[in-house]
Ligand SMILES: Nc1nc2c(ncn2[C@@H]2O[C@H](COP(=O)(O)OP(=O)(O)O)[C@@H](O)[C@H]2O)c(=O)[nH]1
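Given next, in structure tokens, is a single chain: the form predicted alone.
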Amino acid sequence: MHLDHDLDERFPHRHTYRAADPKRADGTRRALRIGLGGPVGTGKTATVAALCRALRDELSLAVVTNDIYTREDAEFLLREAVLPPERIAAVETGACPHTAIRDDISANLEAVEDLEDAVGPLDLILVESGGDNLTATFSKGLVDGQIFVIDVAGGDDIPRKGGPGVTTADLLVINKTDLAPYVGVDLEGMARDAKAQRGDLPVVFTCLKAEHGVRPVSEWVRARLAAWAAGPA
């Protein structure tokens, strides 16, 4: 039995900071920060890579990755040459990755700010959490919006089970739709369950192996960027 369901409402400071200032120390507007979380193997790093390819010719962007003891995700992005090496930073969390994106965000904040100092001005910074479970959420002091990635191979009951990542992320991505016939997954059922859990929050289905498979996600990012640019400085 869980008796602490209301603790996040009673003590919001446990997991969140105040919303980050939209201005940098020199008074210029900082980059929009988008966090990507989700369980191991769902395609977070592949989504980051695909977003970089889709957006790098029109935007100035950079990436921060999180792994426990390695630089594996950053090294994948470097091998794929999705961005110049100086635009990819790796944080070794030394513990469960969600603590570095939610509870003690200092290492990630430093990485984000160092990237802006080194290669800025930037339009967009993608912050990828290491693989975690359905509870991985980002502090509002670190990112301005969160994408949560699940995949059909994890089972079509994942949206129904919920969890903060599924229910509260600004965008839910259900990836690897090409596998649905092989793992007996009902995509329409997943869409209904996700709608029931998330209300009006958006859900997109992706197959990153397909041409333009990341387009629903990149279009959402572009819309967030447009809103960010139009917001108060």
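Remember, predicted model here, so these are calculated numbers, not experimental data. Just count from 1 along the sequence shown to find any residue number.
There is another form of the same protein, the form predicted in complex with the ligand; it is not shown, and what comes next is about it.
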The unique member of 208, 59, 183, 68 whose heavy atoms fall within 4.5 Å of the ligand in the predicted complex = 208
inquiry  = residue 40 versus the ligand, in the predicted complex: is there a non-hydrogen atom within 4.5 Å?
reply    = yes
ask   = Is residue 54 one of the residues lying within 4.5 Å of the ligand in the predicted complex, judged by heavy atom distances?
value = no
query = Taking 4.5 angstroms as the cut-off for heavy atoms, does residue 201 touch the ligand in the predicted complex?
reply = no
query = For residue 178, is any heavy atom within 4.5 Å of the ligand in the predicted complex, or not?
reply = yes
message = Heavy atoms within 4.5 Å of the ligand in the predicted complex: which stretch in 162 to 170, 191 to 199, 22 to 30, 41 to 49 meets that?
response = 41 to 49
